[in-house]
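What follows is a single chain, given as structure tokens, in the form predicted on its own.
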């Protein structure tokens, strides 16, 4: 194999590949990226056995072929090469080496045989559809903060991606919860997605997927089966196993009868919560909300370091209420609001609270209160 490729194209492809690779693994080949050159393109494939990413880049292929080389090392080398450099990759199969040349720089890297590289088995997908990058970005970005990190409840370690009924209209929905907070985000259902099975997309996959969704003009081809999900652009294909488990009935958690309505400027609210939480050494310290006629008092009491209080002008016309929340959870939910105002709907101090972005029902958040 012998190819010439621009540094920028090589860096983009290798960066995506090396981020999938697990730093600590007992199988040496999994630390490598499989480089395959043919025609006028070169593809870079990396896997951790649960996720596989294939990134294609244009290149001048003098001699077709394939080899595997350490993904992290190759990425570090390319990252440190000067902008605009032309990188030449030449495989010396007899010596088991890949020669990397750019200008006056020369590296010789150890390779492993391509035959040892595990390629993820192809799946028969039950649903294939296309979705615009901004729609997928919104679904996953707004829900991922609520993914659980508790390994024992593995079925909560991802985003539940499924087709749901919202007021008689079928929607594409993403839901995540860790038992303390919940995010439910809807987008119009793309054509061809009706038969999609509900799947739990793992946390790591959600993080890798984000790199495909930066281009607002991009259209992502999505394929879903009971066991796998695939997201593809013309250059990158990300395939992942889904979490084998049943996502809980989240609809039971979303309160229906919360009538006490607070409307507040989302940005002012987030900044005020952040300020009063400063006196607390623990990020999980409860923030107390005292609600009265068009007035909200936020307060934190930390016996070892002090107290803090801040008042905000809000729209609230119901009876007085005192309720406490984890400061970190409030900040995360408030930071999801794209519109100017956040609407909180309360019942009592012990019941879950609902939060929406203005009157938009396509993004709904639930947060459990704390005793204060």
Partner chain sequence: MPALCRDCLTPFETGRRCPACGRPRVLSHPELYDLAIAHMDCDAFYASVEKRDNPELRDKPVIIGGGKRGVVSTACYIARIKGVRSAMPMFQALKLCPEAVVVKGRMDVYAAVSRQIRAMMEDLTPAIEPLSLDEAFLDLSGTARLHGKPPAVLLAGLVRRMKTDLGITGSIGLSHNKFLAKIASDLDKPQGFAVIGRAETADFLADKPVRLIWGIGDAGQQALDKAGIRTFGDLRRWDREALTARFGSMGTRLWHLARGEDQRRVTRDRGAKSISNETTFSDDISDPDLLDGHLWRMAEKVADRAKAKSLAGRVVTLKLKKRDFTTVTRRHALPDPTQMADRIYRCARGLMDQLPAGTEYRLIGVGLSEIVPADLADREGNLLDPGEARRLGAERAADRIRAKFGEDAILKGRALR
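Residue numbers count along the first chain shown, from 1. Bear in mind the structure is a predicted one, so any value in this text is a computation, not a measurement.
Separately, the form predicted together with its partner chain exists; it is not shown, and the next lines address it.
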- Message: How about residue 329 - does it come within 4.5 Å of its partner chain in the predicted bound form, if we only consider non-hydrogen atoms?
- Response: yes
Using 4.5 Å between non-hydrogen atoms, is residue 1 touching its partner chain in the predicted bound form?
-> no
Practice prompt. Would you please decide whether residue 358 lies within 4.5 angstroms of its partner chain in the predicted bound form, comparing each non-hydrogen atom pair?
Written response: no
**Asked** According to a 4.5 angstroms non-hydrogen atom cut-off, is residue 116 in contact with its partner chain in the predicted bound form?
**Response** no
Checking 190, 248, 207, 198 against its partner chain in the predicted bound form, the residue with a non-hydrogen atom inside 4.5 angstroms turns out to be 248
Interface check vs its partner chain in the predicted bound form: of 230, 75, 181, 137, the one with a heavy atom inside 4.5 Å is 181
Counting only non-hydrogen atoms, the one stretch of 199-207, 75-83, 292-300, 148-156 within 4.5 angstroms of its partner chain in the predicted bound form is 148-156
Applying a 4.5 angstroms cut-off on non-hydrogen atoms, the residues of 83-106 near its partner chain in the predicted bound form are none
